[in-house]
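As a starting point, one isolated chain is supplied in structure tokens, in the form predicted alone.
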């Protein structure tokens, strides 16, 4: 079996709001030193797959810089290795990727070039650890045309997934894409093993009718009756951190010990690109409790149940509680940061209270469907002035400066949005 992996990494991740406005969702930092895509890339190399294509589209610069030539994952190879693939203009195709399967279709030449007979289609925006070799072996043993990884989800979550109906032997007899009422809780994980020739034949046959050619909407439902489709049950840790609530709660599970995700497993290392920094330092006034503190951090205040990415500075007298703080953010003296997600390079002024009050359930007025569970979100490189109070479910956009807060007169109420242009 000659296997190539294709990672779909072009998603905008709009439900993450300002966290994904300047980067693709797979490039969003997670657990301090990682990016979301690190988990899928590491799964590939830990499974012995060293021929990997990454299909990017939405704001790819951050993702491209992070992956580079693939050295941290041992993918910097003269034969095989990692290849970054973006939409391009040509005589035949001149358009953006229309759907998940269309993204693969536009790179059909790559599939032919690597001469693989089996292709592993993966999503680059999920947090999980999985040995793909077991799934590939099951696919080969059953002589399947397509094998789908599946897992059981809660009944109230089925509308978010493709739902799979199976025979007793695991053969697929039905596929429903995000049904309002599901007859099963067996959900499609977005991990597929295809026979290359079958995949190419089906994509070419369906493409003329579907510019937005998609695996869940078009390809898989159309193969149920005519091809051999089987499920591969997965019982390990898997989570989609595509919403602010999921991102924050998953992060908090890591620091409280409630998570089943083991980041310290020497037999399944999560690789990442990281820069050299000095060791983390806790000053004489510093106090750290149930937290993850990355290299280059300098903690002179109090950090409780939080995640600090590299280079974060917590000033004397400052308190950071139940928050995720990304690279090179400065927390000023006496500031209180409570239940927040703060992007890179943010400055929080002295004495400011960021995430204040008990009205967690009052949603953001501008985007109530995204921000309604309490965390206040701060975009990249924002400057928050000193001695102000900011409530819950507040969104502070990237690059805002002190002047953007003038209209609030020292108090940004719960559910507000702080807007501003580039500095």
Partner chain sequence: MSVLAMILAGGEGPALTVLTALRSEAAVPFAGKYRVIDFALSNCVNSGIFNVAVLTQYQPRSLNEHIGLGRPWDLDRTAGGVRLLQPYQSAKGHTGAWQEGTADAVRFNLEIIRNVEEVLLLPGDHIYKMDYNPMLRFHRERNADVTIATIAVPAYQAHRFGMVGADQAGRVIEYAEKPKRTYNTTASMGIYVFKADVLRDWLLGRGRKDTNLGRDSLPALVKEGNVYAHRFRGYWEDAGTIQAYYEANMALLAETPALDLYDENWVIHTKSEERAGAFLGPNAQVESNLLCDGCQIEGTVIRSIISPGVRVREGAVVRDSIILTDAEICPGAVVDRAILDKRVRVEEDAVVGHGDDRTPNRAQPARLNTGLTVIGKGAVVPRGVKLGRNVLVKHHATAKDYSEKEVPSGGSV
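Note that the structure is predicted; figures quoted are calculated from it, not measured. Positions refer to the first chain, counted from 1.
The same protein also exists as the form predicted in complex with its partner chain; that form is not shown, yet it is the one meant from here on.
For the marked spot (321, 332 and 408), a heavy atom within 4.5 Å of its partner chain in the model of the complex is absent from each of the three residues. Of the candidates 353, 271, 227, 210, 271 is the one whose heavy atoms come within 4.5 Å of its partner chain in the model of the complex; the others do not.
Of the listed positions (239, 85, 288, 149), a single one reaches within 4.5 angstroms of its partner chain by any non-hydrogen atom in the model of the complex, namely 288. In the model of the complex, its partner chain lies farther than 4.5 Å from every heavy atom of residue 98. Among heavy atoms of residue 34, some come within 4.5 Å of its partner chain in the model of the complex. Residue contact check for residue 130: none of its heavy atoms lie within 4.5 Å of its partner chain in the model of the complex. Taking non-hydrogen atoms only, residue 76 approaches its partner chain to within 4.5 angstroms in the model of the complex.
Exactly one of the stretches 255-263, 100-108, 120-128, 180-188 approaches its partner chain in the model of the complex with heavy atoms within 4.5 Å, and it is 255-263. In the model of the complex, the residues of 279-296 lying within 4.5 Å of its partner chain by at least one heavy atom are, in order, 279, 280, 281, 282, 283, 284, 285, 286, 287, 288, 289, 290, 291, 292, 293, 294, 295, 296.
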